[in-house]
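The chain below stands alone and is given as structure tokens, in the form predicted on its own.
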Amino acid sequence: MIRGACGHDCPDTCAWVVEVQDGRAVSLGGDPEHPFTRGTLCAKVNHYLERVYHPERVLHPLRRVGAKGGGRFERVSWDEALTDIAQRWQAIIAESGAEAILPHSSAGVQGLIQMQSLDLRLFGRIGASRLDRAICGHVASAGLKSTIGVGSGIDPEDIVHSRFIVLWGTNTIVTNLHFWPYVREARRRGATVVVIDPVKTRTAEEADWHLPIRPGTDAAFALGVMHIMVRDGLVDHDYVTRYATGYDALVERVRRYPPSAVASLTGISADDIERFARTYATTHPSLLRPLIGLEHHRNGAMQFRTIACLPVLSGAWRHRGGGLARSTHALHFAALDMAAVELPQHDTPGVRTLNMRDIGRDLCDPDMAPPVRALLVYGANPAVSMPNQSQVLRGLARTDLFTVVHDLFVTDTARYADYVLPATSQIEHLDLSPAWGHLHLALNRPAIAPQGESVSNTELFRRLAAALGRTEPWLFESDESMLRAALASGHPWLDGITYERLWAEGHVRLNRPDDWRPFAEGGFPTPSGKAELYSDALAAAGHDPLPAPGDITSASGLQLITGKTLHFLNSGYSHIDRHRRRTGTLTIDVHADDARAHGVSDGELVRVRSGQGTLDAICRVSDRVQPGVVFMPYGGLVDGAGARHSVNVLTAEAPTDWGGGSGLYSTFVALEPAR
């Protein structure tokens, strides 16, 4: 039995065990010894070996034949592919400069070195365009940092001590499955569970109380709660006086947001706002658990910035299980020596940075200097996952764009590639797996040899460096060496956690101090050392220095919310029959009032239009959504008319207020029968 860890972009970062017979993996399951995984995997990963041994998996380098987008390839050798790629890149660098080369990667393999290590070293050294990978997580972190100085919070497992739990913009049962037992344990101990979400998700159905908020108005709701706390004397003035700045200015701001005004903005009744505020402020410990949903609005950073003020005013940080719990990545990466992995000192200075959100626009921009002439995609499928899909596809179809994709399958993006290079699966390479939903660090050991001629991300970049004639030894460092360097930071949370121990045990919990309350006595990592209810840094950047509703987008039409479904993982499994049969067709959930107003009915094929594009989907009349809101799953799916599309046909690149993300949820659509 070989221990490893799931590499998908998920807070659970499950530990698994693989059984191997005669060099073939015959079973894969959750590690029963892992305290968070507890022996179970999610519905998306239970059948992971089907992906490893799928007949359509790319096992050899492929070169395009025929038109881009046609998906026709011929087999070539690694030497042929690498020689051609290197020669093409060198010619582009000579003619246009290295910035004409753009690496595009994301969290397709979310591990310490396979996600970003030798790739950053190589591209940083040659001076290729840098990629701002801010599509997910960065906005939330930026918003929280402006108030409390960090994008994380308490150890999520301490939720068992909480007595008032607010799951805010997260469908925990579907997207954070292994966290739900901790929520249930807290409830068994007497906690009340509240879900704030525009959609009646599976988690909302299981909660004690669901507040169906109007999309993008979460900051306004938080301001209304703070108004009541100030008005009714529910603020922990001792905590605020000791550990916060800007309280008086905040008081003046929240006076503008009485419950009656907030109710008209949020769609939540004034009575419910009053009830929530009083219960939240007087129940200890209280915990806010905001995740991804909030940040995908144009006012995403301000929403997180404003919500982060609540546990400061309530003094919730004093209590074990109180405060706010979000991503734990910052805690892992603060302990690990990331500079030893990335070696930023070797980067070429002054290189431009392009936001991954804008890949379609950048590929199609005739005035960009230099234009993007070469694209390398790994750990990502931008043809599906980035906004404004139609423009992304137009960019990928450029005949003068030289595209290389490294992946397990001929994805939607790979169909437009000049070369498709075979990638290893998670059970075929070595990696270290920090989690963003808990504090357990796992070592992913390779269980089987790479299938066919597939190579890991790190090995790909060693081969590319060699083909380019690079000789710097740090471009060829081994995986084990980089992992050992990351663990040798000297941080107390890593005391006793060695490569040898991880190899033997598979996973180890970071040495978090017992009863760890990070801000019980202040110590916020902000410029002032206190929670900043008024932010000089935001003022200097041209933003509102105080919490505010932000840009609450309003437009004609129905506001589109997208989300994950239980059996589908974006586009990663769209080719596997098991998952395609379960959730492979695009649907759209519509409230009955809106269905009548638009002349559509349940089960009917409807046309969905936005300013970016049009697609067809099966209408599902449902009370899961409120009037004015529609919900669609995202990922690479077959639409209702049988064509392969993504919901990102409908979304725009719209930037967020700060943090570099995309306001995907600030999209409005119209419906009509598809006749």
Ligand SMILES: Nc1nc2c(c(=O)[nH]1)N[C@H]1C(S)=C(S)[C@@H](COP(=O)(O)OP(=O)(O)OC[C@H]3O[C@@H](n4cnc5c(=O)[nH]c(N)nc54)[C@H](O)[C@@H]3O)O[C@H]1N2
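The first residue of the sequence shown is number 1, and the count goes up from there. Since we're looking at a predicted model, the values are computed, not measured.
Missing here is the form predicted together with the ligand; even so, the following discussion is about that form.
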*asked:* Within 4.5 angstroms, counting heavy atoms, which one of the listed stretches 291-299, 530-538, 237-245, 311-319 is next to the ligand in the model of the complex?
replied: 291-299
*Report yes if all three of 30, 117 and 441 come within 4.5 Å of the ligand in the model of the complex by some heavy atom, otherwise no.*
no
*Sort through 407, 594, 358, 589 and report the residue having a heavy atom within 4.5 Å of the ligand in the model of the complex.*
407
*asked:* If the cut-off is 4.5 angstroms on heavy atoms, which of these, 149, 549, 379, 518, is the one near the ligand in the model of the complex?
replied: 379
*Contact of residue 141 with the ligand in the model of the complex (heavy atom, 4.5 Å)*: no
*Wondering, does residue 664 line up within 4.5 Å of the ligand in the model of the complex on heavy atoms?*
yes
*Could you tell me if residue 10 has a non-hydrogen atom within 4.5 Å of the ligand in the model of the complex?*
yes
*asked:* Please determine whether residue 647 contacts the ligand in the model of the complex, using a 4.5 Å cut-off between heavy atoms.
replied: yes
*May I ask you to list the residues of 190-220 that have any heavy atom within 4.5 angstroms of the ligand in the model of the complex, in sequence order?*
196, 197, 198, 199, 201, 213, 215, 216, 218
